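Given next, in structure tokens, is a single chain: the form predicted on its own.
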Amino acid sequence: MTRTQTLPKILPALPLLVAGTIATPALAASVTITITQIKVAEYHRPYVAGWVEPVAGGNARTIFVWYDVKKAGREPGTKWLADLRTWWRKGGSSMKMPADGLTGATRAPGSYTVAIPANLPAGQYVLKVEAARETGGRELVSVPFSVPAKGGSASGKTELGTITIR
């Protein structure tokens, strides 16, 4: 670690005040996202977004967005975030990018682990992960889970592999 790098702050999970009652925070959970290797002549890393929605309805909460953060100029990387169509309609269009703690660069094929927010009130949720790739396809994978933590998994067919919540 160099002098200019700092360690991330880890804050304790605190109970939430929800509709006049105290909700117990979820146990620390994580999601592992697999980006598949696609054998094509011209491969571009996909843009990927992940968010959590209550099953009963309510606001979506983005937990990560991976896009070409270094692309600038007349056509910045944010221009193609709208290609993540479902995420864009669920709240991505109103987010200011880069979103601190959520934004990251595109990822090469492989598996990546991201923390799920520890302050979700008890209930039923759906994690949605969407991928879109230039000269490629789009894919949306949904994984139901509950808080307190009961994980799940689902698999994509082309752009995304297995998505697992632990």
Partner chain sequence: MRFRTFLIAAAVSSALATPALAHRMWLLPSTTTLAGTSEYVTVDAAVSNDLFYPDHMALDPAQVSVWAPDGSEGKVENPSKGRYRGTFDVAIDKPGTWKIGMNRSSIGGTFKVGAEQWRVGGRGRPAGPPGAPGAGGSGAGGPGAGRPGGPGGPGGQPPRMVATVADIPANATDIKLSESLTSYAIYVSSDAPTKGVLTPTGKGLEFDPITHPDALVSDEEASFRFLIDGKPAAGVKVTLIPGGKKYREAEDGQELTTGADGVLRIKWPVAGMYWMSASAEDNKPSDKRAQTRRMSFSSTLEVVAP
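Residue numbers count along the first chain shown, from 1. As the structure is a computational prediction, the values presented were derived from the model and not from experiment.
Keep in mind that the form predicted in complex with the partner chain is missing from the display, and what follows is about it.
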Subject >> Non-hydrogen atom contact residue 82 with the partner chain in the model of the complex at 4.5 angstroms >> reply: yes
Original post:
Does residue 138 make contact with the partner chain in the model of the complex, using a 4.5 Å heavy atom cut-off?
Top reply: yes
**OP:** Using the partner position in the model of the complex, report whether residue 71 sits within 4.5 Å of the partner chain, counting heavy atoms only.
**Re:** no
Original post:
Can you name the residues of 85 to 115 that have a heavy atom within 4.5 Å of the partner chain in the model of the complex?
Top reply: 85, 86, 88, 89, 93, 94
